[in-house]
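Next up is one chain by itself, shown in structure tokens, the form predicted on its own.
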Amino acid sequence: MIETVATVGLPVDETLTIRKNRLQPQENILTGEKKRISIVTGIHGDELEGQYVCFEVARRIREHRELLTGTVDIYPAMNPLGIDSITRGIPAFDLDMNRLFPGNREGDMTEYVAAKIIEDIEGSDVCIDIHASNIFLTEIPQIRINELHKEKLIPLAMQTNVDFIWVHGASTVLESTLAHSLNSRDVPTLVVEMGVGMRITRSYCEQLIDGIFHLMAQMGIWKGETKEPRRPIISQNPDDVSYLNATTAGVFIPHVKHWEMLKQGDLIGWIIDPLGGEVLDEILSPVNGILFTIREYPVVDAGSLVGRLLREETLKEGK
């Protein structure tokens, strides 16, 4: 059932409408301890990986509604104006929607919409907030968790079939995100990062979809068979991750594949000068580790992030 979450008038007789698809068991009557999961994406208009996830989750459920035993709410476009214009933030307002939560029903248009979204998702037993990377970087399927909520979220994240769980330190900027607002309201919310901006990486999406159905089965929402999730690497120490930054402006040419195990000193890529035909710099691996982030957009400035490595010690210790 398609339902309206929030609607506000816009100039020139247009309307901003945020909608969700509520999928329920065939009898359409929920009693007892039936669970609810919310799948959210499209907060950033240039992050499209979640669009395929929403489609495929809804398709599988529609084909086998008899296997559904709880409520699945799908929110594919939290920032529909951004998606329509391929804009990361909310067009015309120059605002990052994920810095507006929990919002304010008495505030301006953007604050009102944020507040209505929180109200609608509140009460879910789990929320999955799906993001892609930006247009500059490609990320393996991973879940990022604020350390304030790790005890509650890590066991849930391990059911989702991602490759990596990254526990971050607390940061005041996170207080204005959807995930922090919901977790503070006792709605366990997992933030997924995968793929690259403005694209759909189907293999990554299908990996996460399998994980969502497994989690739904564990919650008692889905009776169908599911795939056993892969065991993710878990990082809880800031020193586990090594950042690779460009030392000069130029064009980055990678020499290794994403999610490849590297040794200290291995060549990761060149920064080249197309005009002079020179290699301006060689990016070498500073440690033994696995490359879980790599530069997708080749043009770089000095200081631009070109990759992230997860140190080999983390893999061995099984953190």
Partner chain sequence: MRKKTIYECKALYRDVFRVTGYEFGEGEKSVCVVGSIRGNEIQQLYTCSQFVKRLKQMEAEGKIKEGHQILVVPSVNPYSMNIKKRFWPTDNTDINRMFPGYDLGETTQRIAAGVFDVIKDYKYGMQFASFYMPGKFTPHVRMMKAGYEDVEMAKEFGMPYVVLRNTRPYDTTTLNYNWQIWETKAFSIYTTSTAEIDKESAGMAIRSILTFLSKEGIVDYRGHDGYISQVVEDTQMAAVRTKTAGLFESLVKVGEEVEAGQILALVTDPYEGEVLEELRAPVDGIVFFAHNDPLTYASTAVFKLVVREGKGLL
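Computed from a predicted model, the values in this text were never measured in an experiment. Residue numbers count along the first chain shown, from 1.
Just so you know, the form predicted in complex with the partner chain exists too; it's not on screen, but the next bit is about it.
Taking the partner from elsewhere, no residue among Leu23, Ser124 and Glu296 has a non-hydrogen atom within 4.5 angstroms of the partner chain in the model of the complex. When you look in the model of the complex, the only residue of Gly220, Gly107, Pro80, Gly224 with a non-hydrogen atom within 4.5 Å of the partner chain is Gly107. Comment: the partner chain is not present in this chain, but in the model of the complex one of Val251, Val256, Ala58, Val287 has a heavy atom within 4.5 Å of it, namely Val251.
Taking non-hydrogen atoms only, Gly277 never approaches the partner chain to within 4.5 angstroms in the model of the complex. In the model of the complex, the partner chain sits beyond 4.5 Å of every heavy atom of Glu206. Taking the partner from elsewhere, Ser184 is found to have every heavy atom lying beyond 4.5 Å of the partner chain in the model of the complex.
The partner chain in the model of the complex is not approached by Asp239, whose heavy atoms all lie more than 4.5 angstroms from it. Per the 4.5 Å heavy atom criterion, the partner chain in the model of the complex is contacted by stretch 174-182, the sole one of 69-77, 212-220, 161-169, 174-182. Although the partner chain is not shown here, in the model of the complex the stretch 194-217 places no heavy atom of any residue within 4.5 Å of it.
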